[in-house]
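Starting off, we have a lone chain in the form predicted on its own, written out as structure tokens.
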């Protein structure tokens, strides 16, 4: 059975075409206006920030030249000797790299636990008090707004050199970052289990435990693993201000122009981060795949 196609008068079709043309023209004007505003804002920011493109172009060669100067010199006749001289500090650097990983791990674990505890208080769909939600969100904003290296510098002044300032700095920043991400996940969950636990007389803790946590746990772990990758890089920088780890030897090599030491330490950090990225990526994808299969 054929369905009849409605016929429109020519005047009606022309009216629709004119309205479509007007809407497209309005959208195009908004696009051009937004582009112009963006370009103007970028130019104004560059002018106020004293950005000089000529100086950048003139001195850009120094960037690759520095990395080229850090490359060790090898020859086939003395390859083993050259490699031994390049990686002369491997035992010490490996130990310091292990310290960096431990700083990142403990800081991430502490921050994830704190973010887990605070994210539910920052979720408007679980907490009726707007004041509690507002205060919790502002606390999380403060924790993630201040850079880790600033926290590390403050804690170095308070507690002295060592791994403790790095752990505290990463933990505070991770609390803010993961707390925000966790809260966004919680606010997008299915509300039916929440209402079911509440209707059966469950307390707020039971609503969170049985209604919210089962829906978000795999996403929480995925975000925490991703944050651990970021914190490994951050922990390497903490050593610049004396917060422990391999960063302390790296900044010393940079300041003293020990070029081959710089390249060796950077290579160790890069390889370690690549391995961590590979492992955690596989775990995250597996967790997200399991979450999708349950849905």
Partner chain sequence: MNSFNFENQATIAERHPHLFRPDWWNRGKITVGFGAAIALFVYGIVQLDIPFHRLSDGMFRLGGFLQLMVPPDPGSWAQALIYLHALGETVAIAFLGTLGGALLAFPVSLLAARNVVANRIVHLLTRRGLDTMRGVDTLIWALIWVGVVGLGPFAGILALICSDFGSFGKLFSEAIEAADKKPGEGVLAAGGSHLHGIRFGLLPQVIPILLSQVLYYFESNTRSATIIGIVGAGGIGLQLAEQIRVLEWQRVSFLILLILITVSSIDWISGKLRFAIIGRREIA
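Only a predicted model underlies this, so the values are computations on that prediction, with no experimental measurement involved. Residue numbers count along the first chain shown, from 1. Under this definition, the rigid core comprises the largest set of C-alpha atoms superposing within 1.5 Å between the forms.
Although it is not shown, the form predicted together with its partner chain is what the next lines describe.
Visitor: Just to confirm the contact call: exactly one of 189 to 197, 108 to 116, 128 to 136, 73 to 81 touches its partner chain in the predicted bound form at a 4.5 Å heavy atom cutoff, so which is it?
Guide: Within 4.5 Å of the partner lies stretch 108 to 116.
Visitor: Just checking whether residue 124 would be counted as a contact of its partner chain in the predicted bound form - the rule being heavy atoms within 4.5 angstroms.
Guide: Contact check for residue 124: no, nothing within 4.5 Å of its partner chain in the predicted bound form.
Visitor: Determine whether any heavy atom of residue 256 comes within 4.5 Å of a heavy atom of its partner chain in the predicted bound form, and answer yes or no.
Guide: Residue 256: no, not in contact with its partner chain in the predicted bound form.
Visitor: Do residue 268 and its partner chain share at least one heavy atom pair within 4.5 Å in the predicted bound form?
Guide: Contact with its partner chain, no.
Visitor: Using the partner position in the predicted bound form, report whether residue 163 sits within 4.5 Å of its partner chain, counting heavy atoms only.
Guide: Because a heavy atom of residue 163 falls inside 4.5 Å of its partner chain in the predicted bound form, the answer is yes.
Visitor: Can you pick out, from 153, 87, 207, 216, the residue that has a heavy atom within 4.5 Å of its partner chain in the predicted bound form?
Guide: Of the candidates 153, 87, 207, 216, 153 is the one lying within 4.5 Å of its partner chain in the predicted bound form.
Visitor: Of the options 33, 68, 26, 55, which one has a non-hydrogen atom that comes within 4.5 Å of its partner chain in the predicted bound form?
Guide: For this set of options, the contacting one is 55.
Visitor: What residues in 25 to 64 sit within 4.5 Å of its partner chain in the predicted bound form, counting heavy atoms only?
Guide: Residues within 4.5 Å: 38, 41, 42, 45, 46, 48, 49, 50, 51, 52, 55, 56, 59, 60, 62, 63.
Visitor: Once everything's superposed on the core, is residue 271 shifted 2 Å or more at the Cα between the shown form and the other one?
Guide: Shift of 2 Å or more: no.
Visitor: Relative to the superposed rigid core, does residue 28 relocate between the shown form and the other one - that is, does its Cα move 2 Å or more?
Guide: Comparing forms between the shown form and the other one, the residue 28 CA shifts at least 2 Å.
Visitor: Please say whether, between the shown form and the other one, the C-alpha of residue 58 moves by 2 Å or more once the core is aligned.
Guide: Yes, the C-alpha position differs by at least 2 Å between the shown form and the other one.
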